[in-house]
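Here you get one chain, nothing else, as C-alpha cells; it is the form predicted on its own.
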Amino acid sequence: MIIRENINLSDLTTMRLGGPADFLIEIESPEECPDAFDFAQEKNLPIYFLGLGANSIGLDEGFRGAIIKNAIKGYNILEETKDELIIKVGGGEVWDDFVEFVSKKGFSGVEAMSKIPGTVAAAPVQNIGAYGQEVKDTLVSVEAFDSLLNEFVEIPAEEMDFSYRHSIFNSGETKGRYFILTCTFRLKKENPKPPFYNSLQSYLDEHKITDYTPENIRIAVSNIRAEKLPDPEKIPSAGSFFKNIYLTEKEVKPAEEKGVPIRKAEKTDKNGKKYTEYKVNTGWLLENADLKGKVFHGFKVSDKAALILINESATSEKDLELAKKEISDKVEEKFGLKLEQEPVFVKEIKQEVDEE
C-alpha cells in the first residue's frame, strides 16, 4: 500500500481538471484493503474510488478526503477449454490490455470494446460497451471490499442491476460502496458474427476483411477509435462526455418529427419480458446542432467524434459547467432532448447502513 499526500486531481484524471486531494492510497493487493479503509476511517476522511481517471473529473476545490486507487494486477485462468475461457482479472489491470490478451487467444465477447480507456475494475461500474457488446454480457462476478460493512464479498453479475451505463456500483444506495478487487469473465471460443455496426462493417468492407476473428475485430475497432478519438493520455478529455439517449414510446414521435433518427431494437429484460428499445445517437444530435468543432469556454466539441469534449485551454471545472450548459441548451432548443453527462465528479458519496 502506497500513501501520498496533496496530489492534484488534475494529475490523476484525463480531463486534467481539479484541485488537490488530501490523500492518494494505492492498493496493490486485496489484503491491503482493510488497512486502507481503516486509515481513512481513523482520520474521518470521505473516500473516492479511482482507476485511470478516464471517467472522473476533478472539482476546483479538490477532494478533502482519500482517493483509493486500484493497482491490483494479474490474470488467473480458472478454466480453459476448446469452447470457453473463464478468467479472473485484477481490477487494476488496464482494460484494453485484457481485451488484447483474450482476443489474441481467440476468445470472443469483449473485442468490440477495444481501446475504451480505464481499468478492468471500472468496467462493471458503468457497464461499459461499444459496437453492440457490453460488460454485462460476459461478466460472471466480482470480488469486492464492502466499505460500509468492512468485509470482503463476492457479487454475481445477476445482482448488479445492469442497464445502459448503470449498475449498483454507480447508482442508488450502493453507489460507491463496493471497491472492486477482481472481475471474473466467461468468454467463448468463437468468431463474432455479423451484422456489425455500420461504421465497423464499413471498415471491414473497405479493408476486405472477411475473417471475423476476435483479434481482427479488435484491430478494426482499435483503428476506428484511433482515427476518431483522442488519446486521453496525450489530449485532455474524458472519453464520451454525453450519454446516448433512450426514449420512451411516447417520446419517439416528437423526436421523429424533429428529424431525429432513432435506432429501434427488440430486447428482453431480466424477467424474460420483451420490449422495444428506442436509442438516439447523441453524437448525431451534437453534429446536427452544428456543434462539431466549436469551442466553448476552452472546451472543443471534437471535429472527429462530437461526443468527445477536448480540454484545449480550460483550467477550471466551472468552465466545464458553462460549456456543458451552452452545448446542452443548443441541442435541447433544436431537438427537444436533454443531454446527460457521462463522466462523474470526484466528490464524497454519503453511505448509510440499511438496518432492515
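Because the structure is a prediction, the values reported are computed rather than measured. In case it trips you up, residue 1 is the first one in the sequence shown, and so on.
Below, we refer to the form predicted in complex with a small molecule, which is not included among the displayed structures.
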Inset, instruction - May I ask whether I87, F185 and P214 each come within 4.5 Å of the small molecule in the model of the complex, counting any non-hydrogen atom? - result: no
Legend entry - Distance check, A305 to the small molecule in the model of the complex, heavy atom within 4.5 Å: yes
Inset, instruction - Although the small molecule is absent from this view, report whether S202 comes within 4.5 Å of it in the model of the complex, heavy atoms only. - result: no
Inset, instruction - Indicate whether the small molecule has at least one heavy atom within 4.5 Å of a heavy atom of D22 in the model of the complex. - result: no
Legend entry - Contact of E287 with the small molecule in the model of the complex (heavy atom, 4.5 Å): yes
Inset, instruction - Would you mind picking the one in R177, K73, K136, K228 that has a heavy atom within 4.5 Å of the small molecule in the model of the complex? - result: K228
Inset, instruction - Report the residue, out of F152, Y131, F101, Y278, that has at least one non-hydrogen atom within 4.5 angstroms of the small molecule in the model of the complex. - result: Y131
Legend entry - Listed range touching the small molecule, judged in the model of the complex by heavy atoms within 4.5 Å, from 153-161, 247-255, 168-176, 234-242: 234-242
